[in-house]
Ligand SMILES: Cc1cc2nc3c(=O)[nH]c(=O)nc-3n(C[C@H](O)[C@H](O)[C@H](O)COP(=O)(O)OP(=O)(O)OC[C@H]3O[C@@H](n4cnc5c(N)ncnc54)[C@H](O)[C@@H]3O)c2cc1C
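The form predicted alone is given below as one chain in structure tokens.
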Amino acid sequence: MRFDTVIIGGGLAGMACGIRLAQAGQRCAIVSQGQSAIHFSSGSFDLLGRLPGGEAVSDPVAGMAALAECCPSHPYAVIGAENCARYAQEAPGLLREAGIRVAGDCRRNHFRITPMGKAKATWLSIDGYLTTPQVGEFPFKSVCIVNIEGFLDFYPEFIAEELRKYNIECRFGSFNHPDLEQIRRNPSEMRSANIARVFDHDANLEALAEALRQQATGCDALILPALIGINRNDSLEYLRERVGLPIYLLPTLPPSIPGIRAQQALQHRFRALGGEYFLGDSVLSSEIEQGRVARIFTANHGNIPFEARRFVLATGSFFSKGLVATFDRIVEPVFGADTVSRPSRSEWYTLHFFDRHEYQAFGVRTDNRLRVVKEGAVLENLYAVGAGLAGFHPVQEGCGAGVSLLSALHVAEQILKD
């Protein structure tokens, strides 16, 4: 099988790169071993929340420009501040064209409310999720926090405790339905995706709307866990129209409905553009000729190779096994690429869980065009994008989704220029 570009990994970075290339007319394939980390999405996409030194960032574009001096190995510094600013303007359009309705400004972070009720700086948020322009500036004075009976991955008391700090009056509601009884019999099945499928049916969604109408009396708004709309786009609008009040969603503990929907939307967009998506397949080996990847072989296709002019490594970090830690080194398992790490395992982490751990910045070694380095030499047609890149701390810096999207657009541009 021959393509213009083959992308290994079907997460946010891999699909964004594939979509941009397919938009330009390339014949692209994505080989994805399984579901990606986007399934754990919180309903928002971070660009840059803090600098490596811990300073809070209100203007992500200005923050990315500052990285060149304080952290020259950061992917944003490698890509370049001017390029990053341009890609940050383009990325929301790519998501919206895929059907992911996002709002936000790369020149000013807003705040999303987490499953625990905390305010966290972010760049883009999916429509319907509770956000504020500034901490504590909520669009209501009283709210009813409604949960599904028996659903344990949502914490109304913690959310109310945080909201009451800003003089928000909070009370609680709950909802049950006979169609939930079957999944309630097994606690491991009482998860957001299974519950959301119950509310894909009109009759059940109407029953939820009626219950919310009754519990909304005397409130300015309602807050629900994100348990609706896994296979339909109108669930939230349906409830808002019938209840007659603002309704806001909060993400639950993973797997999350916004993450699943985003994954589905990106896959659909890629395929609609002519891309071929091979889910449940993994790369077993590659052949490199004269400093270029000539072909790869996968588990499902045996001796039938994937051949392409360009390859993109988008397999992620440790979570998705794009990087593997042995006792004394960090390995990139697909191509055996060089990696950036610390020589002593004792330097990889600290004893305090919430510290800035060095292993989080480990990743694949690349040149300034994000081409992969192996045995000290650049592989001319193999690029790396996303979480597997070295030089950044996605959690502490609040930049995981931003690095994925911006590096994907940067590599797509390099490929199209070539």
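Predicted model, so just to flag it, every value in this text is computed and none were measured. All residue numbers refer to positions in the sequence shown, first residue = 1.
Although not depicted, the form predicted together with the ligand is the subject of the following passage.
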Segment that reaches the ligand in the predicted bound form - one of 317-325, 100-108, 83-91, 148-156, heavy atoms within 4.5 Å: 317-325
Are any of the heavy atoms in residue 338 no more than 4.5 Å from a heavy atom of the ligand in the predicted bound form? no
Is residue 204 one of the residues lying within 4.5 Å of the ligand in the predicted bound form, judged by heavy atom distances? no
Taking any heavy atom pair closer than or equal to 4.5 Å as contact, tell me whether residue 364 reaches the ligand in the predicted bound form. no
I'd like to know if residue 8 sits close to the ligand in the predicted bound form, meaning any non-hydrogen atom pair within 4.5 angstroms. yes
Could you work out which of 390, 38, 372, 67 is the residue within 4.5 angstroms of the ligand in the predicted bound form, going by heavy atoms? 38
What residues, if any, in 5-32 have a non-hydrogen atom within 4.5 angstroms of the ligand in the predicted bound form? 8, 9, 10, 11, 12, 13, 14, 31, 32
